[in-house]
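Let's start with one chain on its own, the form predicted on its own, as structure tokens.
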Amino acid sequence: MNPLNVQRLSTDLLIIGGGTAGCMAALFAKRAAPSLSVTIAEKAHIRRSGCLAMGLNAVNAHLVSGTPEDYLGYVRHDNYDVVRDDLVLSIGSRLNSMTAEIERLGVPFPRTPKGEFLSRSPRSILMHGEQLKPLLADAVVSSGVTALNRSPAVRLLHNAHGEVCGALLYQMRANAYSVITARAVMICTGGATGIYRPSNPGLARTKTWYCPYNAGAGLAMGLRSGAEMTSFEMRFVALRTKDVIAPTGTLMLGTGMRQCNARGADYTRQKEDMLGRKLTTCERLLFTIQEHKQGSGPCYVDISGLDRGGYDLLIESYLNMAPSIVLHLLKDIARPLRRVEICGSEPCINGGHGMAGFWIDKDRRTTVSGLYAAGDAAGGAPKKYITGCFAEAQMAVEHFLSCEDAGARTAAAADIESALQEASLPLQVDSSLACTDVEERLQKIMEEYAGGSTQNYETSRDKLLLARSYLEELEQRSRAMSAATPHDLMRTHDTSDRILLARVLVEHLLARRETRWPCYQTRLDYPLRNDLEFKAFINSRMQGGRITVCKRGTAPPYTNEPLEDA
């Protein structure tokens, strides 16, 4: 390999990550300013990359009824009152117009005889979205956007004033680095999986709920640039079908079927009757785990009440999003499966379902000048889903276009040289240490000490302190990872990024000395919610390799509050 093969490129707007948020950001930019040069840097290929690579069968943030304020109320309730109201409201006001953007791409929506969307809830409508990503990619290419596929970004670049002005990419097929400068950079890389042990072992380890190739590169690059992050401790754990890890909302919202334990008891309905309200998302997982602890597991979604037509609609819906479960449901054609076992996924860092990610303002600017974030990489606004991610991309683009002078385009020579040295280090290391060995060690540490699925997502101070120590050792050891091929080089960077995010995650878990989101963030040594001290955001920065953590209030001006050492 020739690590010194360096190309130099320039663009107006560089979008890192070609998932749905990144592609829509590019479309919004070209539509508003056709002469603008827009470039997407994507690790895979924009036709089938990101969280929605397989498609989507519903828009889960569309206001069938109610107002943006009602949407905020729902998000606040589900997130136990720690959300950025300004971010959520700005998303809520655009949700339905973003659904129209999906239709504009050519994605079909089933409708009633009156022409209305088919709703699953007051905030969810059905769609036939298997071709969502290919249609989006076609629109991006035809608009004149430059898509650099198979070109993962490895470091952000800065000018002499410390402003972000581009990125260092590795073009895997050309075996070349690209120094690309830009007026502004937008991070749309999504969150991170692979930090915890995956739900399935061996060859099935990539059968996860969240995209298994999301390594949190954008978040890691932002941390290395000094950007402030928020809410990493609010991990997202999805309640999914066992083994094939397909969405359970398709079963329950889509069919109205019951969530029951091994004895057939509808335990979620019993809990709702007892509490006098609907369960929050994390409570559905919490009470499922409790059934197991009480000896009433495993738990299921009972679809025995579906008639032939309803079963066929269920199959059709899954084919638009998670086709692998169809093989599971119909493994015996004569006796289709009537009870689908459910379980929790491995925890991940996610800003679309959860709210972990960059700390941003209403224009989706991060705390580092020249850097925006949208979609799953942007924190503070959970339950935004696809339409919310589109809305954030649009808001970021609108602000970028409103800036007459977005700063210098010239990256500092020393910054470029440092980035190239760090990026090429695994090619120069004489070692037998493979990234797979390091990744396995990372997942063991996080699983056993930082609340993995085998620990019922529970942890405590002493375990977290061990995790902190082990991760620091692992980070030192990981610098000896070697790479012999372009794919190896990409994997070593992915592993390094995951270790960094794991370190930040552990610091956040240590800092929040309460249990606010059961299962997502459960402290056995602090089992109750503490609104007096912790109705706040836990935020962090990294400077010189050291992670510092603080609290911020939940209302403007989001004051920085003191936080005692864990």
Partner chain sequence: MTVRIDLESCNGCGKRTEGFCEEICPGDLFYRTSGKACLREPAECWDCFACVKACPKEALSIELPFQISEAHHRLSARIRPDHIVWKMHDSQGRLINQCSIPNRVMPGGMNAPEQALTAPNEDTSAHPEPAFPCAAAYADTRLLRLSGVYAQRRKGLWMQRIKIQGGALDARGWQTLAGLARAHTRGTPLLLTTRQCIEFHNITSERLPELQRDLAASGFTGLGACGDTLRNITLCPGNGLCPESVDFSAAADAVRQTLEAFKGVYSLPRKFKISFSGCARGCAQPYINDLGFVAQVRDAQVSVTLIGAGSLGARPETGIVLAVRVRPEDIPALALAALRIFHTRGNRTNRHKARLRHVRQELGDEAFLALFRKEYDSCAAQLPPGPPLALSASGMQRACELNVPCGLLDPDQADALAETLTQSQACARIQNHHRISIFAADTVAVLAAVRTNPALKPLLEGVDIVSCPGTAFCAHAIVDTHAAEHLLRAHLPANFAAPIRISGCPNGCSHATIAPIGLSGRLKRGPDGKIREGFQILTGGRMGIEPGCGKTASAFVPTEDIAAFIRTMPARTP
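Keep in mind that this is a model prediction, so the values were computed, not measured. Residue numbers count along the first chain shown, from 1.
The protein also exists as the form predicted in complex with the partner chain; that form is not presented, and the subsequent description refers to it.
Note on the partner interface in the predicted bound form: the residue among P134, G249, G297, G310 having a heavy atom within 4.5 angstroms of the partner chain is P134. The partner is absent here, but in the predicted bound form a heavy atom of T208, alone among T495, T281, T208, T99, sits within 4.5 Å of the partner chain. Residue contact with the partner chain in the predicted bound form: L500 places no heavy atom within 4.5 Å of it. Put simply, L203 is close to the partner chain in the predicted bound form: some heavy atom of it is within 4.5 Å. The closest heavy atom approach of A29 to the partner chain in the predicted bound form falls outside 4.5 Å. Residue contact with the partner chain in the predicted bound form: A265 places no heavy atom within 4.5 Å of it. Stretch-level contact analysis of 536-544, 40-48, 508-516, 522-530 against the partner chain in the predicted bound form, using heavy atoms and a 4.5 Å limit, identifies 40-48.
Although the partner is absent from the chain shown here, none of L87, P122 and R277 has a heavy atom within 4.5 Å of the partner chain in the predicted bound form. Contact annotation for 125-155: residues with any non-hydrogen atom within 4.5 angstroms of the partner chain in the predicted bound form are H128, E130, Q131, P134, L135, D138, R150, listed in sequence order.
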